[in-house]
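Only one chain is given next, in structure tokens, and it is the form predicted on its own.
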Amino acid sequence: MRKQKSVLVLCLAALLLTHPTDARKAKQEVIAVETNNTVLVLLVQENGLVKTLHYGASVGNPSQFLAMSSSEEDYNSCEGLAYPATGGRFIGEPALHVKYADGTHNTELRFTGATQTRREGCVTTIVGLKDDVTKLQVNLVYDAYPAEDVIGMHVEIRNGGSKPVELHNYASSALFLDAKDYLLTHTWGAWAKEMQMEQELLGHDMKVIESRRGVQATQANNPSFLLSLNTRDFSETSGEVIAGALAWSGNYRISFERESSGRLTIVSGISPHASAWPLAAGESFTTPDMLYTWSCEGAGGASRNLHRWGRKYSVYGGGTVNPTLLNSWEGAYFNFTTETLLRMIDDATGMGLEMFVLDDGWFGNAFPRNSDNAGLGDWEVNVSKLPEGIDYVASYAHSKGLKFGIWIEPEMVNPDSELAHSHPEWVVQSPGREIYQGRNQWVLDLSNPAVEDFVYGIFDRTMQLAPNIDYIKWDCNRVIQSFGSPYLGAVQDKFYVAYVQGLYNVMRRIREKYPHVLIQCCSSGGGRVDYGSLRYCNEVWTSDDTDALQRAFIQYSQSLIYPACVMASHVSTVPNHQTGNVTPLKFRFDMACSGRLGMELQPRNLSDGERALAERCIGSYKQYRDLVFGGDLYRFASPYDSPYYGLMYVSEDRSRAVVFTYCVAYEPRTVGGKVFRLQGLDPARTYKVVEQNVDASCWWGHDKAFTGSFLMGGGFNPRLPQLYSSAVFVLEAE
């Protein structure tokens, strides 16, 4: 690691700023936020305005930018503000919009000082700003992770005046860029069709990515993006690419405003929709983190930066290998007995799986959970289905050498439940209006501390149902509609933000008491895939769509931002329960093995040959899964622009790799196989290549050794002759 340079100037002793500053009387200075290969350069002007000069490749001494700066005051004098606020001469998209007690909306932030502190793996730079008229104070906080080339940005806003104020916009960051072209890559989707990649060149004016769903905020789109600079073409391997991701599980808004000059400002944070936040005198508000990385190695380089950072700093237990599992849902749904579950556990053991997860349907007596229209909220064991109790089933799983997990949906309640009858005031509702149902259920009001305690208690009591429950699947199966909180009274604008704060409070308490339990974040599939939830969860349920063909597109897109260690990917039955598609079992396993492998079917319905193949695939997966969970990802063929999908994970020392290849669309047959150019290997080393789970390989080089340069230079051409052909190869350096 190269030695970091500190070019911070005008450090103040007090960071929550209480005195007018003399800094604006000084000459212009720069503030640099640096990682090993990137730098964000801020300029403090003589008038106290703080602007962004550069984000991208390291530049040596950042003070060289002073020669480029201009003190020209014209109508564009506020372009490039590090944190633009409504007021003064600024008329663009604000990161901050405040309404004051006297009805005014003007805020003009000026520099008061900056500090820098270091801790292991991170350097924090805080830039202080203040409005001298209203005494509003803003700290811009930049957490730089040198080794991963990631910068986290958030803002601390304090009402330093004597009267209350109202925050209308309070974004986490504003990033100013200057490039010829901006190619935006982001995602759209729906239930069972999450994370569908879309690309567009940004024109002038505004592009917005936003969610107003309240919960399940990431199912229609995701608070993340890639931005390819100075190009109209997407590349995995070359060119400047910025990746951004917001660590927040509620409503969000990311705007891209391209000025007439061609320059671009990205404002990212909590959506201001119906979310004005009051600040009494002396009160503060802290925004969630917005994460950025820059790479000159294309989309692949930006993804790897975020993956490394995520595994180390954001994903709970990130990089740790999680167990393979059998989930009961698609194999049994609501219709099971103790005997059903015991036989599924026997089958899971026989196939070499490592955990059994009991999904929905295990609870409710007065309102038994025999379908999705009753029982949510009443979290006692259903004695008709499971008279022996959960402990009996869990102990049986443990006796077979399996871990045991269980499903809960603690944020929701069915109208047909004892909870709904006893605490109707705990339900999200607008007075005098119908409480709309989604999936036959209502949402509990996590802005209410009493509901926080109840939801925490659900998790806590579930963990007491059996000794050593190893895994919780936390689900959330509807959005918020007609929002309102009886608890918040007249301050309804706080609801959307307070709900997420309440959720995080619950998860924080859970992790304090249960640091070792594995938690899957599920929200009708991919409705809560973000770095905010992953601070408390080990993995996400990628999508309710388990069709292996559709998962190629979903998992490719998710991998742009999130590491494979969080990607739960299951083998299910055919015809697929979501799409009706029929795919070969090997194709289903080869797809699922590129994430955290699981199964979601009734094993008794497998033939002897299928069970043998399952055992073989599970066994081989265990030999290379450490690469999936902790290796560097290289995507060398995209299902979005090719009949083929190809990716590989490479160990940090480049001594091992696992390669996944798939045919995902009909391709007229040609002589020879499909030529793939592998990535990430050591060109000078020799690798033995072994195809997995087959008796006759699809590649002529199976079980032979080749140099990395040969494999990356066009010598790797397995035959994938038709739709649903697939192959997995393990590479070991000799």
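Quick caveat: nothing in here was measured; it's all calculated off a predicted structure. The numbering used is simple: start at 1 and walk along the sequence shown.
Keep in mind the form predicted together with alpha-D-galactopyranose is missing from the figure; the text below concerns it.
- Residues placing heavy atoms within 4.5 Å of alpha-D-galactopyranose in the model of the complex fall in a single listed stretch, namely 540-548, out of 116-124, 494-502, 540-548, 348-356.
- When you look in the model of the complex, the only residue of Tyr645, Tyr83, Trp277, Trp407 with a non-hydrogen atom within 4.5 Å of alpha-D-galactopyranose is Trp407.
- Only one of the listed residues (Leu167, Cys522, Val393, Val428) places a non-hydrogen atom within 4.5 angstroms of alpha-D-galactopyranose in the model of the complex, and that residue is Cys522.
- Using a 4.5 angstroms threshold between heavy atoms, Asp475 counts as touching alpha-D-galactopyranose in the model of the complex.
- Proximity of Trp329 to alpha-D-galactopyranose in the model of the complex falls within the 4.5 Å heavy atom cutoff.
- Using a 4.5 angstroms limit between non-hydrogen atoms, Glu411 is distant from alpha-D-galactopyranose in the model of the complex.
- Taking the partner from the other structure, alpha-D-galactopyranose in the model of the complex has a heavy atom within 4.5 Å of a heavy atom of Arg439.
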